[in-house]
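As a starting point, one isolated chain is supplied in structure tokens, in the form predicted alone.
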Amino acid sequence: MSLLSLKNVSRHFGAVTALSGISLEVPQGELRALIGPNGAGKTTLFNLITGFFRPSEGEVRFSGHSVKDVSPEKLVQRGIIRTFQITEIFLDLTVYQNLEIAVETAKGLNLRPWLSRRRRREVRDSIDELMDTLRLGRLSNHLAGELAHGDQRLVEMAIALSHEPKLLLLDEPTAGMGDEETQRMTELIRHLHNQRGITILFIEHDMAIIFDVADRITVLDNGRLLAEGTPAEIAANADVQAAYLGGVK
């Protein structure tokens, strides 16, 4: 059984069809890339998976259950975690404070007026683990708004991981990064997939990254599924070359 399944999913905005008849299966543990020209429907598809939009037709299922009428907050609790094109962190708080809020929220402790010593230790241990995984320890006391863009993206990734995702959706994780920052993010994605076994679906425009790390690639064009396959199969696909790869800069 696939972890994520879409069956003939369409999404209309008035007379505009953003997605049409999309069927997609993502098995547990896969690292899947989603590519396509601007306006192909990639972010709309993410919005459907994460509950921000409802399908006009078709069905989205996660872990065998329909997500129809399930709120984004409930889907987070079920294990669907997402990052966005624009970094979503608290810029006026330190890195540690950002992670503290995230961990307490993930553990359902954020509304408690006080925490026991044991709970506080659990929160601290979780923060330390995230700091270690993302190599953020040196930045613990820095304001998030003062960090370089790449480090802000790592903080956002740490916040996402605090919820222990079963399915992690990354929307252009390396956008705006330099070569060194891109390499760090790529290595992190590999680590989360290979060492932690997290199922990852990511949108990316850097073809070098996609063909280097993805198990399989799904290609959208004008809201429709154009092709799907291994990196080698996609690279050799004439339709993909014509619609996307041949024109990418």
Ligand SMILES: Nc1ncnc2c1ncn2[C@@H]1O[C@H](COP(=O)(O)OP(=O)(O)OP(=O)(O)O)[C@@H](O)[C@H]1O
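Numbering starts at 1 and runs along the sequence shown. None of the values given here were measured: they were computed from a predicted structure.
One more form of this protein, predicted in complex with the named molecule, exists but is not displayed; see below.
- prompt: Any of the heavy atoms of T44 lying within 4.5 Å of the named molecule in the predicted complex?
  reply: The answer is yes: T44 has a heavy atom within 4.5 Å of the named molecule.
message: Under a 4.5 Å heavy atom criterion, is R32 part of the interface with the named molecule in the predicted complex?
response: Because no heavy atom of R32 falls inside 4.5 Å of the named molecule in the predicted complex, the answer is no.
query: Taking heavy atoms only, is F53 within 4.5 angstroms of the named molecule in the predicted complex?
result: Flag for F53 set to yes.
query: Does the named molecule come within 4.5 Å of any heavy atom of A18 in the predicted complex?
result: Looking in the predicted complex, residue contacts with the named molecule include A18, since a heavy atom lies within 4.5 Å.
task: Run the contact test on F90, S126 and G150 with a 4.5 Å heavy atom cut-off to the named molecule in the predicted complex and return yes or no.
output: Contact check failed for every one of F90, S126 and G150.
- request: With the named molecule left out here, work out from 193-201, 178-186, 35-43, 63-71 which stretch has heavy atoms within 4.5 Å of it in the predicted complex.
  value: Heavy-atom contact with the partner occurs in 35-43.
Answer option from Q77, N110, Q85, S116, heavy atom within 4.5 Å of the named molecule in the predicted complex: Residue within 4.5 Å of the partner: Q85.
task: Taking the named molecule as it sits in the predicted complex, which residues of 189-220 have a non-hydrogen atom within 4.5 Å of it? Please list them.
output: Heavy-atom contacts within 4.5 Å come from H205 alone.
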